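Below sits a lone chain in structure tokens, taken as the form predicted alone.
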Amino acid sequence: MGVRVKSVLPVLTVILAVVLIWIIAVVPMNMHLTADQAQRDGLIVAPDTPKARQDFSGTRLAFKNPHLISLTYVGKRPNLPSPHQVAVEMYKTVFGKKITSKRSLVYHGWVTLAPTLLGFVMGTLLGIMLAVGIVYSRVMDKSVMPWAIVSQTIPILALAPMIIVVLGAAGIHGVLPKSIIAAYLSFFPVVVGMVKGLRSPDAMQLDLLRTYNTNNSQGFWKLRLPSSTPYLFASLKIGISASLIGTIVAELPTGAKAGFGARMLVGDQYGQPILSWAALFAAAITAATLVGIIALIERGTLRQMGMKSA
């Protein structure tokens, strides 16, 4: 129990620090809008002098009118929503709506999750195959690996619309285009991790295999693959998060009507940032859940193999 508390305490400390900074930042970010709205509602009177008008904004106004501070946390269209506004919106759209409703974050989550998982599987398989080829083929090591690295320098925001348009012209719509973008982001960490893992056995272990006159296939299954398992799971944790990001990015330029990306667009286009922030946090929670599931699978797998997980 003590070990668990020690491992969770740093995470909670960071979360509390972020929330505290967020709460403090709400006031200066929303004070100008709050002051304008309060003036329209007759709660405060606009000053007449130039100097006073200069002070009629931001934190200076907060000090002169402390009662406005509380109003910055409840604005309908804030620049920066307060934590409780985002929490309430998430609760309403997760538990207060039917999962088939287009206002439900569960519905939008599934629309995003399906291509994410498909793209993750595609990217993982591609990454493993490329890693095996790189380790066992000097030609692939010198040719494929540099191209894999260069591919990640292309901005995904520029690449995603191109992929969507090209596949759409070929009559391919729906889940597959988004899955390809998700796979594009997820394969690279798998390649790097697996190459590192497959090359992790030391010279003594490899010499022992040669002593027993094993071939490459036996060396792969008996030594290299088991040695690469911890590296693979570390890469999968990064890959699943990258897949989710790729899917959301793919939803942004396509005018998607469903998914976390579409929900964020709706919030931006209709001036409802609370919707965007709720979808953003829902996506973060989804990513954390997926990483947690892989961590549990990793722990069970390594325990069966007689290894200790990090």
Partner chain sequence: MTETSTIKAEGLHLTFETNDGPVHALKDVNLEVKQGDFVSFIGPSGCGKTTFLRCIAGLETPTSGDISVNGMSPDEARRARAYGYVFQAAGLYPWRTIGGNIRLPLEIMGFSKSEMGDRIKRVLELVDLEGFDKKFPWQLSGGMQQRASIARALAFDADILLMDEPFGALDEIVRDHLNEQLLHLWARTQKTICFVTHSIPEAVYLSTKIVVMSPRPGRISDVIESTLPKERPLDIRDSAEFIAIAQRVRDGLRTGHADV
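Bear in mind the structure is a predicted one, so any value in this text is a computation, not a measurement. Numbering follows the first chain given and starts at 1.
As for the form predicted together with its partner chain, it is not shown, yet the points below apply to it.
Its partner chain in the predicted bound form comes within 4.5 Å of a heavy atom belonging to S227.
Although the partner is absent here, K76 lies well away from its partner chain in the predicted bound form, with no heavy atom inside 4.5 Å. In the predicted bound form, its partner chain lies farther than 4.5 Å from every heavy atom of I99. In the predicted bound form, its partner chain stays beyond 4.5 Å of every heavy atom belonging to S151. Checked against its partner chain in the predicted bound form, the residues Q205, S143, S137, N216 give one hit for a heavy atom within 4.5 Å, which is Q205. Residue-level contacts in the predicted bound form: of I172, L80, L223, A234, one residue has a heavy atom within 4.5 Å of its partner chain, and it is L223.
Screening 206-214, 153-161, 123-131, 184-192 for residues having heavy atoms within 4.5 Å of its partner chain in the predicted bound form returns a single hit, 206-214.
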